[in-house]
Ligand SMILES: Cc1cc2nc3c(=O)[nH]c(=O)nc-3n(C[C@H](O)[C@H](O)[C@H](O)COP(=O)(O)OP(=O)(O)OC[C@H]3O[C@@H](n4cnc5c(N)ncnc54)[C@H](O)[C@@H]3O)c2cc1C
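The chain below stands alone and is given as structure tokens, in the form predicted alone.
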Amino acid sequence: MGGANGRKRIIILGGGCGGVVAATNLGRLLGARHEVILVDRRSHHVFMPAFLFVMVGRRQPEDISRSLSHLAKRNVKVIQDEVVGIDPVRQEVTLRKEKIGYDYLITALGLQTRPDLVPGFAEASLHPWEMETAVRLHKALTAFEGGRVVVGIPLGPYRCPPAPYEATWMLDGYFTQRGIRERVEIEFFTREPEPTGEAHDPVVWMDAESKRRNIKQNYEFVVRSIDPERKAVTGLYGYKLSYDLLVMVPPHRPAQVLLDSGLADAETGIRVDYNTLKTKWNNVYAIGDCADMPASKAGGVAHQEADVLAHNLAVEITGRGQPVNLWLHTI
């Protein structure tokens, strides 16, 4: 669209780790000379990696939330609204209250939890993948006096791949601190095969650490359904795991608006160029969990992608500096 005096409008959808870092950097780099807008349905940024600490009572919701209004200090306009449509041909975003055109669009809408994709999940699992359920899980843990706690992973992508392992270890520590660990069995299930390789390989080390903590591992367990009344998780071939408290990762999928608009055409998100984060649409980019990248769906990845993309857009818009390719630092 392009405004007077070459003024450009950059819209960032989503106020998670990637969206906030991209907005902050672009606000600093482009300042008042261009228009940087961040759209999120919430008024606050929530630091999702800390949900596990909410689970065990070491953080409160207010400890891990910050108002997005702070971005105004970085020359970023924040619009609190829900994205209901994206038209990459007309370069237009439809919100509940208005339509906005853009010169550049950064989609950072993450992945949405979809408990409906596993029958029985919504009634059965308390999990630390959303704030509300993390708070409810903490209340359940406070009242828990013994039995079997089962932590597990569904099919498909989900936020923060190492987090289920961390959750089992934090539960081990939590029950030990309460002095009831000997009354609690902790089990873990995953769709992945049992890891093999060198002891220092991350997945091999995580397996060994779980066994050292007396956490039973169930590999190649593919969840089909959950029976909340019988308290049992059913996998392929009728294999069952019983539980007293279920802490299962909910299935995740891209935001519905990304599927409806055709930007995301797979459960892993929007296809992007791995070096530049460009999509097949002109001036549309994707970062974070909603980008289909061969990397973890994690905040650290989103942060690195946002840094590189903000730099490259500033180079393109101002004509100063040199673009760089993305080089992720992850395990």
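Fair warning: this is a prediction, and the values are worked out from it, not measured in the lab. Don't overthink the numbering: it's just position in the shown sequence, from 1.
Keep in mind that the form predicted together with the named molecule is not shown, yet the notes after this line are about it.
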In the predicted complex, the residue from Val184, Ala124, Val257, Met206 with a non-hydrogen atom within 4.5 Å of the named molecule is Val257
From Gly300, Pro61, Gly31, Gly57: within 4.5 Å of the named molecule in the predicted complex by heavy atoms is Gly300
The stretch from 186 to 194, 80 to 88, 138 to 146, 237 to 245 that lies within 4.5 Å of the named molecule in the predicted complex, judged by heavy atoms, is 80 to 88
Problem - Non-hydrogen atom contact Trp129 with the named molecule in the predicted complex at 4.5 angstroms - result: yes
Can you tell me whether Ile106 touches the named molecule? I mean in the predicted complex, with a 4.5 angstroms heavy atom cut-off. no
- Does Ile37 make contact with the named molecule in the predicted complex, using a 4.5 Å heavy atom cut-off? no
Does the named molecule come within 4.5 Å of any heavy atom of Cys17 in the predicted complex? yes
In sequence order, the residues of 47 to 64 that place a heavy atom within 4.5 Å of the named molecule in the predicted complex are Met48, Pro49, Phe51, Leu52
